[in-house]
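Okay, so we've got the same protein chain twice, two forms, each given alone as C-alpha coordinates, structure 1 and structure 2.
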Structure 1
(Lines of atoms letter the chains of each structure in order from A and count residues from 1; the text may use other names and numbers.)
(Lines give C-alpha, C1' and ligand atoms only; values in the text may rest on other atoms or scores of the structure.)
Protein backbone atom coordinates (compact mmCIF):
# COMPACT_ATOMS: atom_id res chain seq x y z
CA UNK A 1 0.00 0.00 0.00
CA UNK A 2 1.13 3.52 -0.72
CA UNK A 3 2.23 5.85 2.03
CA UNK A 4 0.39 8.98 3.07
CA UNK A 5 0.58 11.68 0.39
CA UNK A 6 1.42 15.05 1.92
CA UNK A 7 0.78 18.14 -0.20
CA UNK A 8 2.43 21.33 1.04
CA UNK A 9 0.29 24.46 0.76
CA UNK A 10 0.62 28.05 2.00
CA UNK A 11 -1.24 29.08 5.14
CA UNK A 12 -3.51 31.61 3.41
CA UNK A 13 -5.12 28.77 1.46
CA UNK A 14 -6.20 27.19 4.75
CA UNK A 15 -8.04 30.40 5.62
CA UNK A 16 -9.63 30.37 2.19
CA UNK A 17 -10.56 26.70 2.59
CA UNK A 18 -12.35 27.44 5.85
CA UNK A 19 -13.90 30.82 5.11
CA UNK A 20 -15.58 29.92 1.81
CA UNK A 21 -17.60 26.95 3.22
CA UNK A 22 -18.47 28.92 6.36
CA UNK A 23 -19.69 31.83 4.26
CA UNK A 24 -21.76 29.49 2.10
CA UNK A 25 -23.27 27.82 5.18
CA UNK A 26 -24.06 31.20 6.75
CA UNK A 27 -25.82 32.37 3.59
CA UNK A 28 -27.80 29.13 3.48
CA UNK A 29 -28.86 29.42 7.13
CA UNK A 30 -29.96 33.04 6.67
CA UNK A 31 -31.97 32.06 3.61
CA UNK A 32 -33.60 29.15 5.46
CA UNK A 33 -34.52 31.43 8.36
CA UNK A 34 -36.17 33.85 5.95
CA UNK A 35 -38.16 30.97 4.48
CA UNK A 36 -39.18 29.98 8.02
CA UNK A 37 -40.29 33.52 8.84
CA UNK A 38 -42.24 33.75 5.61
CA UNK A 39 -44.20 30.58 6.36
CA UNK A 40 -44.87 31.32 10.03
CA UNK A 41 -48.39 32.05 11.14
CA UNK A 42 -48.95 35.84 11.32
CA UNK A 43 -50.35 35.72 14.88
CA UNK A 44 -47.41 33.69 16.26
CA UNK A 45 -43.91 34.70 17.17
CA UNK A 46 -41.78 33.54 14.26
CA UNK A 47 -39.72 30.48 15.09
CA UNK A 48 -37.98 27.90 12.92
CA UNK A 49 -37.40 25.36 15.70
CA UNK A 50 -40.90 23.81 15.49
CA UNK A 51 -41.77 23.18 11.82
CA UNK A 52 -45.54 23.02 11.28
CA UNK A 53 -47.21 19.75 10.38
CA UNK A 54 -49.70 19.39 7.55
CA UNK A 55 -53.28 18.29 8.10
CA UNK A 56 -52.90 15.32 5.78
CA UNK A 57 -55.68 16.43 3.45
CA UNK A 58 -53.77 15.78 0.21
CA UNK A 59 -54.68 13.23 -2.44
CA UNK A 60 -51.26 11.87 -3.39
CA UNK A 61 -50.29 8.20 -3.26
CA UNK A 62 -48.59 8.67 0.11
CA UNK A 63 -51.60 10.47 1.60
CA UNK A 64 -53.74 7.39 0.85
CA UNK A 65 -51.13 4.94 2.15
CA UNK A 66 -51.92 3.01 5.33
CA UNK A 67 -50.09 4.84 8.10
CA UNK A 68 -48.77 1.62 9.68
CA UNK A 69 -47.13 0.50 6.43
CA UNK A 70 -45.84 4.01 5.91
CA UNK A 71 -44.18 4.20 9.34
CA UNK A 72 -42.53 0.79 9.10
CA UNK A 73 -41.37 1.27 5.51
CA UNK A 74 -39.92 4.74 5.99
CA UNK A 75 -38.12 3.72 9.19
CA UNK A 76 -36.62 0.65 7.50
CA UNK A 77 -35.50 2.78 4.53
CA UNK A 78 -33.98 5.30 6.96
CA UNK A 79 -31.94 2.56 8.62
CA UNK A 80 -30.88 1.38 5.16
CA UNK A 81 -29.65 4.88 4.29
CA UNK A 82 -27.86 5.15 7.64
CA UNK A 83 -25.97 1.92 6.86
CA UNK A 84 -24.42 3.33 3.68
CA UNK A 85 -20.66 3.75 3.85
CA UNK A 86 -19.79 5.59 0.63
CA UNK A 87 -20.55 9.10 -0.62
CA UNK A 88 -21.95 8.22 -4.03
CA UNK A 89 -24.77 5.96 -2.75
CA UNK A 90 -25.57 8.59 -0.10
CA UNK A 91 -25.99 11.20 -2.85
CA UNK A 92 -28.23 8.77 -4.73
CA UNK A 93 -30.27 8.43 -1.52
CA UNK A 94 -30.78 12.21 -1.49
CA UNK A 95 -32.06 12.00 -5.06
CA UNK A 96 -34.47 9.19 -4.12
CA UNK A 97 -35.75 11.22 -1.16
CA UNK A 98 -36.34 14.23 -3.40
CA UNK A 99 -38.27 12.07 -5.88
CA UNK A 100 -40.45 10.83 -3.02
CA UNK A 101 -41.10 14.45 -2.01
CA UNK A 102 -42.33 15.19 -5.51
CA UNK A 103 -44.59 12.14 -5.44
CA UNK A 104 -45.94 13.11 -2.00
CA UNK A 105 -46.65 16.70 -3.15
CA UNK A 106 -45.50 18.21 0.14
CA UNK A 107 -44.21 21.72 0.67
CA UNK A 108 -40.53 22.10 -0.11
CA UNK A 109 -40.37 25.03 2.31
CA UNK A 110 -41.15 22.72 5.24
CA UNK A 111 -38.31 20.47 4.16
CA UNK A 112 -35.97 23.43 4.34
CA UNK A 113 -37.14 24.15 7.88
CA UNK A 114 -36.29 20.63 8.96
CA UNK A 115 -32.90 20.84 7.26
CA UNK A 116 -32.24 24.04 9.21
CA UNK A 117 -32.65 22.08 12.45
CA UNK A 118 -29.74 19.76 11.56
CA UNK A 119 -27.48 22.42 10.04
CA UNK A 120 -25.30 22.80 13.14
CA UNK A 121 -24.91 19.05 13.54
CA UNK A 122 -23.86 18.59 9.91
CA UNK A 123 -21.50 21.57 9.90
CA UNK A 124 -19.72 20.22 12.97
CA UNK A 125 -18.73 17.09 11.06
CA UNK A 126 -17.66 19.02 7.97
CA UNK A 127 -15.36 21.25 10.03
CA UNK A 128 -13.94 18.80 12.59
CA UNK A 129 -13.50 15.49 10.77
CA UNK A 130 -10.98 16.59 8.07
CA UNK A 131 -8.60 17.73 10.84
CA UNK A 132 -9.23 14.89 13.31
CA UNK A 133 -9.37 11.72 11.18
CA UNK A 134 -6.11 9.74 11.57
CA UNK A 135 -4.09 9.34 8.39
CA UNK A 136 -4.07 5.88 6.81
CA UNK A 137 -1.95 4.51 4.00
CA UNK A 138 -3.04 6.01 0.71
CA UNK A 139 -4.63 9.13 2.23
CA UNK A 140 -4.00 12.58 0.80
CA UNK A 141 -3.27 15.17 3.47
CA UNK A 142 -2.95 18.90 2.87
CA UNK A 143 -0.20 20.34 5.08
CA UNK A 144 -0.26 24.11 5.52
CA UNK A 145 2.93 26.09 6.07
CA UNK A 146 4.85 22.97 7.12
CA UNK A 147 2.64 22.36 10.20
CA UNK A 148 2.19 18.59 10.17
CA UNK A 149 -0.14 18.71 13.18
CA UNK A 150 -2.60 20.81 11.13
CA UNK A 151 -3.13 18.32 8.33
CA UNK A 152 -6.35 18.47 6.31
CA UNK A 153 -7.24 14.87 5.45
CA UNK A 154 -9.28 14.62 2.26
CA UNK A 155 -10.55 11.20 3.35
CA UNK A 156 -11.94 12.84 6.48
CA UNK A 157 -13.71 15.40 4.32
CA UNK A 158 -15.23 12.59 2.26
CA UNK A 159 -16.37 10.79 5.40
CA UNK A 160 -17.93 13.99 6.74
CA UNK A 161 -19.68 14.61 3.42
CA UNK A 162 -21.04 11.05 3.52
CA UNK A 163 -22.46 11.56 7.01
CA UNK A 164 -23.96 14.90 5.97
CA UNK A 165 -25.52 13.39 2.84
CA UNK A 166 -27.09 10.55 4.83
CA UNK A 167 -28.45 12.99 7.42
CA UNK A 168 -29.99 15.16 4.71
CA UNK A 169 -31.50 12.14 2.93
CA UNK A 170 -33.11 10.86 6.14
CA UNK A 171 -34.35 14.32 7.15
CA UNK A 172 -35.94 14.79 3.72
CA UNK A 173 -37.43 11.30 3.91
CA UNK A 174 -39.17 12.14 7.20
CA UNK A 175 -41.31 14.81 5.53
CA UNK A 176 -43.59 12.32 3.72
CA UNK A 177 -44.14 10.59 7.07
CA UNK A 178 -44.99 13.78 8.97
CA UNK A 179 -46.86 15.76 6.31
CA UNK A 180 -49.01 13.18 4.53
CA UNK A 181 -51.18 12.25 7.53
CA UNK A 182 -52.52 14.18 10.53
CA UNK A 183 -50.35 13.84 13.62
CA UNK A 184 -53.10 12.05 15.64
CA UNK A 185 -53.43 9.44 12.86
CA UNK A 186 -49.66 8.89 12.74
CA UNK A 187 -49.50 8.44 16.51
CA UNK A 188 -52.52 6.13 16.36
CA UNK A 189 -50.66 4.03 13.80
CA UNK A 190 -47.65 3.86 16.13
CA UNK A 191 -49.86 2.62 18.95
CA UNK A 192 -51.36 -0.04 16.64
CA UNK A 193 -47.80 -1.17 15.89
CA UNK A 194 -47.14 -1.75 19.59
CA UNK A 195 -45.91 1.60 20.87
CA UNK A 196 -47.36 2.57 24.29
CA UNK A 197 -50.55 4.55 23.76
CA UNK A 198 -49.75 6.89 26.64
CA UNK A 199 -46.50 7.91 24.91
CA UNK A 200 -48.48 8.87 21.80
CA UNK A 201 -50.88 10.95 23.89
CA UNK A 202 -47.97 12.74 25.56
CA UNK A 203 -46.39 13.53 22.19
CA UNK A 204 -49.68 14.83 20.80
CA UNK A 205 -50.40 17.05 23.81
CA UNK A 206 -46.80 18.28 23.93
CA UNK A 207 -46.89 19.35 20.29
CA UNK A 208 -50.28 21.05 20.58
CA UNK A 209 -49.42 23.00 23.73
CA UNK A 210 -45.81 23.75 22.86
CA UNK A 211 -46.98 26.75 20.85
CA UNK A 212 -49.22 27.85 23.74
CA UNK A 213 -46.38 27.79 26.26
CA UNK A 214 -44.05 29.50 23.81
CA UNK A 215 -46.59 32.28 23.35
CA UNK A 216 -46.90 32.56 27.13
CA UNK A 217 -43.11 32.91 27.45
CA UNK A 218 -43.07 35.55 24.72
CA UNK A 219 -45.88 37.48 26.45
CA UNK A 220 -44.06 37.40 29.80
CA UNK A 221 -40.79 38.46 28.15
CA UNK A 222 -42.53 41.38 26.43
CA UNK A 223 -44.01 42.48 29.76
CA UNK A 224 -40.56 42.44 31.37
CA UNK A 225 -39.10 44.53 28.55
CA UNK A 226 -41.92 47.06 28.80
CA UNK A 227 -41.09 47.45 32.48
CA UNK A 228 -37.49 48.28 31.61
CA UNK A 229 -35.77 44.89 31.90
CA UNK A 230 -32.64 44.52 29.81
CA UNK A 231 -30.43 41.44 29.71
CA UNK A 232 -27.01 42.03 31.23
CA UNK A 233 -24.23 39.90 32.63
CA UNK A 234 -24.92 40.64 36.28
CA UNK A 235 -26.58 39.04 39.28
CA UNK A 236 -29.81 41.02 38.88
CA UNK A 237 -30.31 39.60 35.38
CA UNK A 238 -29.71 36.05 36.61
CA UNK A 239 -32.24 36.59 39.41
CA UNK A 240 -34.81 37.97 36.97
CA UNK A 241 -34.29 35.10 34.53
CA UNK A 242 -34.65 32.58 37.38
CA UNK A 243 -37.91 34.20 38.48
CA UNK A 244 -39.08 34.20 34.86
CA UNK A 245 -38.42 30.46 34.45
CA UNK A 246 -40.08 29.67 37.78
CA UNK A 247 -43.19 31.71 36.99
CA UNK A 248 -43.42 30.14 33.51
CA UNK A 249 -43.25 26.68 35.09
CA UNK A 250 -45.98 27.56 37.61
CA UNK A 251 -48.30 28.99 34.94
CA UNK A 252 -47.69 26.01 32.66
CA UNK A 253 -48.46 23.59 35.49
CA UNK A 254 -51.68 25.43 36.34
CA UNK A 255 -52.71 25.38 32.67
CA UNK A 256 -52.09 21.62 32.41
CA UNK A 257 -54.28 21.03 35.47
CA UNK A 258 -57.11 23.04 33.92
CA UNK A 259 -56.75 21.20 30.61
CA UNK A 260 -56.78 17.80 32.33
CA UNK A 261 -59.89 18.72 34.33
CA UNK A 262 -61.59 19.81 31.11
CA UNK A 263 -60.63 16.52 29.42
CA UNK A 264 -62.08 14.49 32.30
CA UNK A 265 -65.27 16.56 32.23
CA UNK A 266 -65.64 15.60 28.55
CA UNK A 267 -65.32 11.89 29.26
CA UNK A 268 -61.59 11.24 29.03
CA UNK A 269 -60.71 7.94 30.75
CA UNK A 270 -57.12 7.39 29.65
CA UNK A 271 -57.75 6.93 25.90
CA UNK A 272 -58.50 9.28 23.05
CA UNK A 273 -61.13 8.32 20.47
CA UNK A 274 -59.60 6.66 17.41
CA UNK A 275 -58.94 9.44 14.86
CA UNK A 276 -59.28 7.11 11.86
CA UNK A 277 -60.08 3.54 10.92
CA UNK A 278 -56.96 1.79 9.66
CA UNK A 279 -57.39 -0.81 6.93
CA UNK A 280 -54.52 -2.65 5.28
CA UNK A 281 -55.01 -3.11 1.54
CA UNK A 282 -53.07 -4.89 -1.17
CA UNK A 283 -51.82 -1.67 -2.73
CA UNK A 284 -50.36 -0.63 0.63
CA UNK A 285 -48.26 -3.79 0.72
CA UNK A 286 -47.21 -3.34 -2.90
CA UNK A 287 -46.10 0.24 -2.25
CA UNK A 288 -44.16 -0.92 0.81
CA UNK A 289 -42.49 -3.61 -1.29
CA UNK A 290 -41.42 -1.01 -3.87
CA UNK A 291 -39.88 1.18 -1.15
CA UNK A 292 -38.08 -1.70 0.51
CA UNK A 293 -36.74 -2.81 -2.87
CA UNK A 294 -35.33 0.69 -3.40
CA UNK A 295 -33.67 0.54 0.03
CA UNK A 296 -32.19 -2.89 -0.71
CA UNK A 297 -30.93 -1.60 -4.06
CA UNK A 298 -29.14 1.28 -2.30
CA UNK A 299 -27.41 -1.14 0.07
CA UNK A 300 -26.43 -3.42 -2.83
CA UNK A 301 -25.04 -0.45 -4.77
CA UNK A 302 -23.06 0.61 -1.72
CA UNK A 303 -21.62 -2.84 -1.03
CA UNK A 304 -21.03 -4.12 -4.56
CA UNK A 305 -20.24 -1.12 -6.76
CA UNK A 306 -17.87 0.48 -4.27
Structure 2
Protein backbone atom coordinates (compact mmCIF):
# COMPACT_ATOMS: atom_id res chain seq x y z
CA UNK A 1 0.00 0.00 0.00
CA UNK A 2 1.13 3.52 -0.73
CA UNK A 3 1.57 6.14 1.94
CA UNK A 4 -0.98 8.82 2.59
CA UNK A 5 -1.44 10.83 -0.57
CA UNK A 6 -1.54 14.53 0.12
CA UNK A 7 -3.05 16.80 -2.46
CA UNK A 8 -2.38 20.50 -1.87
CA UNK A 9 -5.23 22.85 -2.64
CA UNK A 10 -5.82 26.56 -2.04
CA UNK A 11 -8.13 27.53 0.79
CA UNK A 12 -10.96 28.91 -1.31
CA UNK A 13 -11.54 25.45 -2.71
CA UNK A 14 -12.26 24.19 0.77
CA UNK A 15 -14.97 26.80 1.07
CA UNK A 16 -16.29 25.72 -2.29
CA UNK A 17 -16.14 22.08 -1.30
CA UNK A 18 -18.00 22.63 1.96
CA UNK A 19 -20.29 25.58 1.47
CA UNK A 20 -21.84 24.64 -1.84
CA UNK A 21 -23.00 21.13 -0.81
CA UNK A 22 -24.14 22.45 2.58
CA UNK A 23 -26.10 25.27 1.00
CA UNK A 24 -27.58 22.87 -1.54
CA UNK A 25 -28.65 20.45 1.20
CA UNK A 26 -30.16 23.24 3.32
CA UNK A 27 -32.15 24.65 0.43
CA UNK A 28 -33.33 21.20 -0.52
CA UNK A 29 -34.39 20.35 3.02
CA UNK A 30 -36.36 23.57 3.36
CA UNK A 31 -38.04 23.09 0.01
CA UNK A 32 -38.80 19.40 0.57
CA UNK A 33 -40.19 20.12 4.01
CA UNK A 34 -42.56 22.63 2.52
CA UNK A 35 -43.62 20.13 -0.14
CA UNK A 36 -44.07 17.33 2.39
CA UNK A 37 -46.17 19.44 4.76
CA UNK A 38 -48.31 20.73 1.95
CA UNK A 39 -49.18 17.18 0.96
CA UNK A 40 -49.94 15.97 4.46
CA UNK A 41 -52.99 17.58 6.04
CA UNK A 42 -52.49 20.75 8.14
CA UNK A 43 -51.99 19.72 11.76
CA UNK A 44 -54.19 22.09 13.76
CA UNK A 45 -57.33 21.55 11.77
CA UNK A 46 -57.31 17.78 12.03
CA UNK A 47 -59.53 16.17 14.65
CA UNK A 48 -56.96 14.39 16.77
CA UNK A 49 -59.52 12.34 18.65
CA UNK A 50 -59.90 10.27 15.48
CA UNK A 51 -56.39 9.05 14.69
CA UNK A 52 -55.68 9.01 10.98
CA UNK A 53 -54.48 5.44 10.76
CA UNK A 54 -53.35 4.48 7.30
CA UNK A 55 -56.38 2.90 5.72
CA UNK A 56 -54.22 0.54 3.71
CA UNK A 57 -56.67 0.30 0.87
CA UNK A 58 -54.92 -0.37 -2.37
CA UNK A 59 -54.42 -3.04 -4.93
CA UNK A 60 -50.66 -3.14 -5.35
CA UNK A 61 -48.59 -6.25 -4.89
CA UNK A 62 -47.64 -5.20 -1.37
CA UNK A 63 -51.20 -4.42 -0.32
CA UNK A 64 -52.27 -7.98 -1.13
CA UNK A 65 -49.24 -9.57 0.46
CA UNK A 66 -49.71 -11.51 3.69
CA UNK A 67 -48.74 -9.18 6.51
CA UNK A 68 -46.57 -11.75 8.31
CA UNK A 69 -44.48 -12.39 5.22
CA UNK A 70 -44.20 -8.66 4.68
CA UNK A 71 -42.93 -7.94 8.20
CA UNK A 72 -40.36 -10.74 8.20
CA UNK A 73 -39.09 -9.98 4.71
CA UNK A 74 -38.73 -6.23 5.17
CA UNK A 75 -37.10 -6.58 8.59
CA UNK A 76 -34.60 -9.14 7.34
CA UNK A 77 -33.87 -6.91 4.35
CA UNK A 78 -33.36 -3.88 6.60
CA UNK A 79 -30.80 -5.77 8.64
CA UNK A 80 -29.14 -7.01 5.45
CA UNK A 81 -28.83 -3.42 4.25
CA UNK A 82 -27.52 -2.32 7.65
CA UNK A 83 -24.76 -4.90 7.40
CA UNK A 84 -23.39 -3.59 4.09
CA UNK A 85 -19.96 -2.01 4.33
CA UNK A 86 -19.23 -0.54 0.89
CA UNK A 87 -20.66 2.43 -0.93
CA UNK A 88 -21.65 0.76 -4.20
CA UNK A 89 -23.87 -1.99 -2.71
CA UNK A 90 -25.46 0.64 -0.47
CA UNK A 91 -26.31 2.73 -3.54
CA UNK A 92 -27.78 -0.35 -5.21
CA UNK A 93 -29.84 -0.88 -2.04
CA UNK A 94 -31.29 2.64 -2.40
CA UNK A 95 -32.22 1.77 -5.97
CA UNK A 96 -33.95 -1.44 -4.86
CA UNK A 97 -35.83 0.43 -2.11
CA UNK A 98 -36.99 3.05 -4.60
CA UNK A 99 -38.28 0.35 -6.97
CA UNK A 100 -40.23 -1.20 -4.10
CA UNK A 101 -41.60 2.23 -3.29
CA UNK A 102 -42.92 2.60 -6.81
CA UNK A 103 -44.38 -0.92 -6.81
CA UNK A 104 -46.13 -0.32 -3.48
CA UNK A 105 -47.51 3.07 -4.60
CA UNK A 106 -47.25 4.66 -1.16
CA UNK A 107 -47.54 8.35 -0.37
CA UNK A 108 -44.39 10.12 -1.47
CA UNK A 109 -44.88 12.94 1.04
CA UNK A 110 -44.64 10.52 3.95
CA UNK A 111 -41.41 9.05 2.60
CA UNK A 112 -40.06 12.59 2.36
CA UNK A 113 -40.93 13.25 6.00
CA UNK A 114 -39.08 10.08 6.96
CA UNK A 115 -36.01 11.18 5.04
CA UNK A 116 -36.15 14.70 6.48
CA UNK A 117 -36.21 13.27 10.00
CA UNK A 118 -32.82 11.64 9.54
CA UNK A 119 -31.10 14.48 7.64
CA UNK A 120 -29.73 16.14 10.79
CA UNK A 121 -27.97 13.06 12.09
CA UNK A 122 -26.72 11.96 8.67
CA UNK A 123 -25.45 15.44 7.77
CA UNK A 124 -23.44 15.47 10.99
CA UNK A 125 -21.59 12.42 9.70
CA UNK A 126 -21.10 13.90 6.25
CA UNK A 127 -19.64 17.13 7.64
CA UNK A 128 -17.57 15.76 10.54
CA UNK A 129 -16.16 12.50 9.25
CA UNK A 130 -14.00 13.75 6.35
CA UNK A 131 -12.10 15.94 8.85
CA UNK A 132 -11.99 13.60 11.83
CA UNK A 133 -11.06 10.25 10.28
CA UNK A 134 -7.42 9.40 11.03
CA UNK A 135 -5.28 9.12 7.88
CA UNK A 136 -4.23 5.58 7.04
CA UNK A 137 -1.89 4.33 4.37
CA UNK A 138 -3.43 4.61 0.94
CA UNK A 139 -5.81 7.41 1.89
CA UNK A 140 -6.15 10.49 -0.21
CA UNK A 141 -6.15 13.68 1.86
CA UNK A 142 -6.85 17.12 0.48
CA UNK A 143 -4.78 19.68 2.38
CA UNK A 144 -5.68 23.34 2.09
CA UNK A 145 -3.07 26.12 2.16
CA UNK A 146 -0.61 23.80 3.87
CA UNK A 147 -2.79 23.55 7.01
CA UNK A 148 -1.98 19.96 7.94
CA UNK A 149 -4.43 19.80 10.81
CA UNK A 150 -7.35 20.41 8.50
CA UNK A 151 -7.07 17.51 6.08
CA UNK A 152 -10.13 16.56 4.07
CA UNK A 153 -9.90 12.76 4.01
CA UNK A 154 -11.69 11.23 1.03
CA UNK A 155 -11.93 7.87 2.81
CA UNK A 156 -13.92 9.58 5.58
CA UNK A 157 -16.25 11.12 3.02
CA UNK A 158 -16.76 7.71 1.45
CA UNK A 159 -17.48 6.12 4.84
CA UNK A 160 -19.98 8.84 5.70
CA UNK A 161 -21.62 8.52 2.29
CA UNK A 162 -21.98 4.76 2.83
CA UNK A 163 -23.69 5.37 6.16
CA UNK A 164 -25.97 7.97 4.62
CA UNK A 165 -26.90 5.64 1.75
CA UNK A 166 -27.73 2.78 4.14
CA UNK A 167 -29.82 5.08 6.34
CA UNK A 168 -31.77 6.33 3.32
CA UNK A 169 -32.32 2.84 1.91
CA UNK A 170 -33.73 1.54 5.20
CA UNK A 171 -35.84 4.62 5.88
CA UNK A 172 -37.41 4.31 2.43
CA UNK A 173 -38.24 0.64 3.07
CA UNK A 174 -40.26 1.49 6.19
CA UNK A 175 -43.06 3.23 4.36
CA UNK A 176 -44.05 0.21 2.18
CA UNK A 177 -43.95 -1.93 5.34
CA UNK A 178 -46.23 0.31 7.40
CA UNK A 179 -48.63 2.03 5.06
CA UNK A 180 -49.70 -0.87 2.86
CA UNK A 181 -51.86 -2.30 5.64
CA UNK A 182 -53.86 -0.65 8.46
CA UNK A 183 -51.78 -0.39 11.62
CA UNK A 184 -53.97 -2.78 13.67
CA UNK A 185 -53.49 -5.45 11.00
CA UNK A 186 -49.72 -4.95 10.97
CA UNK A 187 -49.64 -5.23 14.75
CA UNK A 188 -51.86 -8.30 14.61
CA UNK A 189 -49.41 -9.87 12.18
CA UNK A 190 -46.61 -9.04 14.58
CA UNK A 191 -48.37 -10.79 17.44
CA UNK A 192 -49.10 -13.82 15.24
CA UNK A 193 -45.37 -13.97 14.61
CA UNK A 194 -44.76 -14.47 18.31
CA UNK A 195 -44.54 -10.95 19.76
CA UNK A 196 -46.63 -10.64 22.96
CA UNK A 197 -50.12 -9.44 22.12
CA UNK A 198 -49.75 -6.72 24.73
CA UNK A 199 -47.17 -4.91 22.58
CA UNK A 200 -49.67 -4.27 19.81
CA UNK A 201 -52.36 -3.18 22.23
CA UNK A 202 -50.02 -0.79 23.99
CA UNK A 203 -48.96 0.79 20.70
CA UNK A 204 -52.59 1.34 19.70
CA UNK A 205 -53.54 2.77 23.09
CA UNK A 206 -50.55 5.12 23.19
CA UNK A 207 -51.26 6.27 19.69
CA UNK A 208 -54.85 7.00 20.49
CA UNK A 209 -54.03 9.07 23.60
CA UNK A 210 -51.00 10.70 22.05
CA UNK A 211 -53.29 12.91 20.06
CA UNK A 212 -55.50 13.66 23.03
CA UNK A 213 -52.50 14.82 25.05
CA UNK A 214 -51.09 16.73 22.13
CA UNK A 215 -54.34 18.58 21.89
CA UNK A 216 -54.27 19.20 25.64
CA UNK A 217 -50.70 20.53 25.42
CA UNK A 218 -51.71 22.75 22.54
CA UNK A 219 -54.62 24.18 24.52
CA UNK A 220 -52.41 24.80 27.54
CA UNK A 221 -49.76 26.56 25.50
CA UNK A 222 -52.28 28.77 23.73
CA UNK A 223 -53.63 29.68 27.17
CA UNK A 224 -50.12 30.64 28.23
CA UNK A 225 -49.66 32.77 25.12
CA UNK A 226 -52.92 34.58 25.74
CA UNK A 227 -51.67 35.44 29.22
CA UNK A 228 -48.58 37.00 27.65
CA UNK A 229 -46.04 34.18 27.89
CA UNK A 230 -43.26 34.33 25.30
CA UNK A 231 -40.44 31.84 25.08
CA UNK A 232 -37.03 33.41 25.80
CA UNK A 233 -33.64 32.17 26.95
CA UNK A 234 -34.08 32.82 30.66
CA UNK A 235 -34.93 31.11 33.92
CA UNK A 236 -38.55 32.28 33.89
CA UNK A 237 -39.16 30.45 30.62
CA UNK A 238 -37.60 27.28 31.98
CA UNK A 239 -39.75 27.53 35.10
CA UNK A 240 -42.87 27.98 33.00
CA UNK A 241 -41.94 25.00 30.82
CA UNK A 242 -41.24 22.90 33.92
CA UNK A 243 -44.64 23.73 35.38
CA UNK A 244 -46.25 23.12 31.99
CA UNK A 245 -44.81 19.61 31.82
CA UNK A 246 -45.75 18.94 35.44
CA UNK A 247 -49.33 20.00 34.76
CA UNK A 248 -49.43 17.84 31.64
CA UNK A 249 -48.37 14.82 33.72
CA UNK A 250 -50.91 15.50 36.48
CA UNK A 251 -53.75 15.77 33.99
CA UNK A 252 -52.63 12.73 31.96
CA UNK A 253 -52.24 10.50 35.00
CA UNK A 254 -55.70 11.35 36.20
CA UNK A 255 -57.00 10.66 32.73
CA UNK A 256 -55.18 7.31 32.69
CA UNK A 257 -57.26 6.13 35.62
CA UNK A 258 -60.52 7.14 33.99
CA UNK A 259 -59.54 5.50 30.70
CA UNK A 260 -58.73 2.24 32.39
CA UNK A 261 -61.95 2.27 34.44
CA UNK A 262 -63.93 2.88 31.27
CA UNK A 263 -62.18 0.03 29.51
CA UNK A 264 -62.94 -2.37 32.33
CA UNK A 265 -66.54 -1.18 32.48
CA UNK A 266 -66.87 -2.27 28.84
CA UNK A 267 -65.53 -5.70 29.65
CA UNK A 268 -61.84 -5.34 28.80
CA UNK A 269 -60.07 -8.58 29.68
CA UNK A 270 -56.66 -7.89 28.18
CA UNK A 271 -57.62 -8.45 24.52
CA UNK A 272 -58.93 -6.48 21.59
CA UNK A 273 -61.00 -8.17 18.88
CA UNK A 274 -58.97 -9.58 15.97
CA UNK A 275 -58.87 -6.97 13.19
CA UNK A 276 -58.41 -9.38 10.29
CA UNK A 277 -58.16 -13.02 9.39
CA UNK A 278 -54.75 -13.91 8.03
CA UNK A 279 -54.26 -16.55 5.36
CA UNK A 280 -50.93 -17.63 3.98
CA UNK A 281 -50.89 -18.42 0.24
CA UNK A 282 -48.15 -19.78 -1.96
CA UNK A 283 -47.60 -16.53 -3.77
CA UNK A 284 -47.00 -14.75 -0.46
CA UNK A 285 -44.17 -17.14 0.27
CA UNK A 286 -42.91 -16.87 -3.31
CA UNK A 287 -42.71 -13.09 -3.12
CA UNK A 288 -40.88 -13.33 0.21
CA UNK A 289 -38.40 -15.79 -1.29
CA UNK A 290 -37.68 -13.55 -4.28
CA UNK A 291 -37.19 -10.52 -2.07
CA UNK A 292 -34.95 -12.30 0.42
CA UNK A 293 -32.83 -13.61 -2.44
CA UNK A 294 -32.34 -10.01 -3.55
CA UNK A 295 -31.20 -9.13 -0.02
CA UNK A 296 -28.79 -12.07 0.06
CA UNK A 297 -27.45 -11.07 -3.35
CA UNK A 298 -26.74 -7.57 -2.02
CA UNK A 299 -24.73 -8.97 0.88
CA UNK A 300 -22.86 -11.32 -1.45
CA UNK A 301 -22.06 -8.38 -3.75
CA UNK A 302 -20.83 -6.45 -0.71
CA UNK A 303 -18.61 -9.23 0.60
CA UNK A 304 -17.25 -10.82 -2.57
CA UNK A 305 -16.71 -7.86 -4.87
CA UNK A 306 -14.10 -6.35 -2.52
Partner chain sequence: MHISDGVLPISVTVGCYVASAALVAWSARRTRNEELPKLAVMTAAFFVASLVHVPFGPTSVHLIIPGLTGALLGPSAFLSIGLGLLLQSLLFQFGGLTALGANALMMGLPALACGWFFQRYKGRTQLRQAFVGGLAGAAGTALAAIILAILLVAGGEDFFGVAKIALLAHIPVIIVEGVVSAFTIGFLTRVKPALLQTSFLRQTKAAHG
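Positions refer to the first chain, counted from 1. Rigid core: the largest C-alpha set superposing within 1.5 Å between the two forms. Keep in mind that this is a model prediction, so the values were computed, not measured.
The form predicted on its own appears here as structure 1. Residue 14 shows a C-alpha shift of 2 Å or greater between the two structures [criterion: core-superposed Cα displacement of 2 Å].
The Cα shift for residue 274 between the two structures, taken after rigid core superposition, is smaller than 2 angstroms. The rigid-core alignment places the CA of residue 193 less than 2 Å apart between the two structures. Here residue 258 exhibits a Cα shift of 2.7 Å between the two structures, evaluated on the superposed rigid core.
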